[in-house]
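Quick heads-up: it's one chain on its own, the form predicted on its own, in structure tokens.
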């Protein structure tokens, strides 16, 4: 049976775990070969443990288990030259580039008037400038194919409204929407489509960690801030009766957006938010 991404190559940033790993495996199951990049080390201002080299190796193993090829590298999206080099190396091995999923991102919290400049800069550098670097690294390779292509930038429901407690994240995710809308206009004549996705909370290590639990349940003692205790508080964000969406729910949306089934969809903010924004 023909798969909807047979013969295509997809770049995934932030691919070591969480949504990025899910996107890589989901697109591989649809027939795509994968270029996977991830910093795979800690950033000091991020309050929870980030992905490791072993996580990136596991993503590679899972993609290979689908029968597809993967080229992976430990690359920081804040370094545009390094990202361009990593993409070029992947294209040289896999032969082309059709899809880019700009997924790499970090999360943190603090009031805008008291957080450190380094906190704010790291958030913007990863979550917004990293998206621009991904665009710059991917577009020449997609353009070279002359077949058009699809770019998906991962924003958030926080990219559609103000939210207290993590304004640097909200600022970056709003910026992603402006980047997407402009890129969609500029690249449309070449049939390169650009869209954003906007998940609600997703069941990944980015929300399932002690510092984030403390943000949602400051009234509870640390020993009572469990996944089970926190779930009802997350559920208050959503209209559907669930606390969070699964990574696969987001990956299914990505797989549709980058396929020919969405061939005329560009410049769109696609919500996967369990009704949060209704």
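On a predicted model such as this, the values are computed, not experimentally measured, just so you know. Positions refer to the first chain, counted from 1.
The same protein also has a form predicted together with a small molecule, omitted here; what follows describes it.
Listed residues 63, 51, 253, 230 were compared with the small molecule in the model of the complex; 51 is the one with a heavy atom within 4.5 Å. This chain is drawn without the small molecule; in the model of the complex, the residue among 126, 183, 152, 170 with a heavy atom within 4.5 Å of it is 126. A residue is said to contact a partner when one of its heavy atoms sits within 4.5 Å of a partner heavy atom; residue 98 fails this definition for the small molecule in the model of the complex, lying far away. Of the heavy atoms in residue 40, some are within 4.5 Å of the small molecule in the model of the complex.
Residue 192 falls outside the set of residues with a heavy atom inside 4.5 Å of the small molecule in the model of the complex.
Interface membership of residue 16, defined by any non-hydrogen atom within 4.5 Å of the small molecule in the model of the complex, is confirmed.
Heavy atoms within 4.5 Å of the small molecule in the model of the complex belong, among the stretches 64-72, 222-230, 26-34, 43-51, to residues of 43-51. Every member of the trio 156, 200 and 206 reaches the small molecule in the model of the complex with some non-hydrogen atom inside 4.5 Å.
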